[in-house]
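Two forms, one chain: they're shown below as structure tokens, one block per form, named structure 1 and structure 2.
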Structure 1
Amino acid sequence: MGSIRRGVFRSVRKTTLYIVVAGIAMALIFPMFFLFTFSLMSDYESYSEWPKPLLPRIKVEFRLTPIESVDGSYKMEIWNNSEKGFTPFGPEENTRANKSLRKLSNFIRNYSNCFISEKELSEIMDSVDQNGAETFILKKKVFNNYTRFFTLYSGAAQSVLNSLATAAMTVFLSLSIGGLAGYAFARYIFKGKNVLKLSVLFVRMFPPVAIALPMVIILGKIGLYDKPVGLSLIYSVNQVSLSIWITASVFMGIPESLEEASQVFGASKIGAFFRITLPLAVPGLAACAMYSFIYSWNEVINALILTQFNPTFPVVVYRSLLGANAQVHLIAAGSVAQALPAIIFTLFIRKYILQMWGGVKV
């Protein structure tokens, strides 16, 4: 009887654990899924349909009917999923004149992300004249919002290059300076070692604004203001301290006897470091690179203060959110585009991260 109770208790505990883990996963995944879904919606889906669909539409159904009271005019309608019927779409003055065909075609493209040529639209109007009404389906350009974001917000493409350059230099400076300092803390004993190791974290206690404001003057004097190099120097100050702590722990976990054995067989101190210790420390260095890249890629406050004409991509997304012509679905597309490089970089080095956190080999 006792064994049955213990078995039931284990089953309940395991089921509860699964429910908690699934709940946490859903809490993390669902907002990202909704953001991605919103980035694929058209203007009409974003502002005219409620509740919002879980999945964006791939095809859109339209209906064109003549207005009997006005000769040569038509009423454009679109299928509304929330109301389960056709609702008015576009301006009321949808005339059959050739000069208005381009206007209507552009409106359909901008408002529903569906593309239709003037010739096709004219053929549909001719069919309406014969049959009285015409229903047609257009395939939506699902990723049109991403193209519109980089077209509408000038400088977005260049800002991506600025962000990549800043992130690359930040990773390099963080790994080179932080890695060497971490090795020194792990291998050498000197006076004030513990105090110095603790003091490197003090810089992370200050808010970014407190550091960015005086750096405007310093970078301006040395000619690095509004440049990726100057921004990477500011980011490196924050990331070097974290890299020192991570790499120091990693190097402490690598036996010093391996370097000594390598030196016995003729290797120099530097050669033993590069041939033995450094390859074993790659997982820790990959973790430092991941933190440095994600921080420098997504950081906004310092970049907002220290850039003016050469902003990073997060600054462009931030400004688009505050702009007078802000459109939620385009901002969602910019946010997803901002997240992609960090996700790709993390997936690229994932095997080293997994080796560090649990010794898993991929």
Structure 2
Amino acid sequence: MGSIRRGVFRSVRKTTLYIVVAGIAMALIFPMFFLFTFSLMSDYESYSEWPKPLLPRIKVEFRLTPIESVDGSYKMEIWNNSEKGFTPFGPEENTRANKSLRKLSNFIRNYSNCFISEKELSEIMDSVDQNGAETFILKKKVFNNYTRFFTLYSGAAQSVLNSLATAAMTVFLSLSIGGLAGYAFARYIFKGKNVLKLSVLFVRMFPPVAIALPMVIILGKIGLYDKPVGLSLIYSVNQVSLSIWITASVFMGIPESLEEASQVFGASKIGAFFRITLPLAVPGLAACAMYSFIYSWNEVINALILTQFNPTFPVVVYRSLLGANAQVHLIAAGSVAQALPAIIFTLFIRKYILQMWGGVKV
């Protein structure tokens, strides 16, 4: 009997554990999930329906009815999920006049993310004339918010390029300078090594905002203000020191005798580094690259201060939040677009990072 009780106890404990873990996972994932769902909603879904659905609609139902009192005019209605019925949508009266048709088509596109041409609208009106009120279903263009974000906030596309350039340069600078310095710290003994190592860390102790103003002046003087290069230089100051610490420990973990062996067996000192040490350090360097990329991609405050007409993407998203015409569903789309590259980049080098944490051995 004891063994059964023990078994029950064990499964109860296991179940509790799973529930707790699932709860934590939900708490972490749900906001991201909601943001993503939100980014797929149309204006109408965002502002006229409550509660918000967990999944966005893919199809939208409309109804067109003739207005009895005025001949040749129609009323457009849309299905509202919270009221469980059709509600008026668009101009009060729609006629077959070209101007009116275009107005209705644009309205449907802007507020429900559905596309219908003027010709199709007039065909529906034809059948309404014959059969009375008609309901019809349109497919929603799910990713329309993203297109709209980039058209509505001018310069968003250019700012993505700016961001990419900044991030690429930051990664390059922090890996090359930081990696070489890390190698020196790992392999060579020299005077003042520990002081230097600590002073490298010292740089990170200043909050970036505190030194932003002098940076504006310095960058302005050397002509790099409002340019991705200048921004990446500022980011590198921070990231190089982090890279030094990461890569130094990575290189320390690679036995020097591996390099020495390759020197004995025919490689030069530089050849030994490139053939032996560098390939073995790739996981660590990848982790380093990830930190630099994510930092530079997400950074807002410095970018806000150090750019004006050539902002980075986070700055654009930030400005969209502040704007008078703030539209929540569009900002959600911008936010997701902002998060995506970092996620993709992390997934891309996931293998190496797992390797560094001992997941897979070479």
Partner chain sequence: MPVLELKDIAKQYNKRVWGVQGMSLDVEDKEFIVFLGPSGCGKTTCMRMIAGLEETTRGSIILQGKDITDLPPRDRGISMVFQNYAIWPHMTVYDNIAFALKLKKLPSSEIKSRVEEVADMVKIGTMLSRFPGQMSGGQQQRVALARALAVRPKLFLMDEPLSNLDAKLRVIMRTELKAIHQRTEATSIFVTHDQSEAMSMADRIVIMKDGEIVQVGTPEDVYFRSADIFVAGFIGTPPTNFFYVDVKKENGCTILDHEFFKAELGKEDSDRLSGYEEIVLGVRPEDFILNKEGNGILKSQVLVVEPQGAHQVVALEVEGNIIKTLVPSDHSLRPGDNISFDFDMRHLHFFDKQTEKRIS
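Under this definition, the rigid core comprises the largest set of C-alpha atoms superposing within 1.5 Å between the forms. Each residue is numbered by where it sits in the sequence of structure 1, with counting from 1. Worth saying up front: this structure is predicted, and the values here are computed from it rather than measured.
Assignment of forms: the chain in structure 1 is the form predicted on its own, the chain in structure 2 is not. Once both forms are fitted on their core, the CA shift for S176 between structure 1 and structure 2 remains under 2 Å.
Once you line up the core between structure 1 and structure 2, the Cα of P214 stays within less than 2 Å of where it was. After superposition on the rigid core, displacement of the C-alpha of N131 between structure 1 and structure 2 amounts to 2 Å or more.
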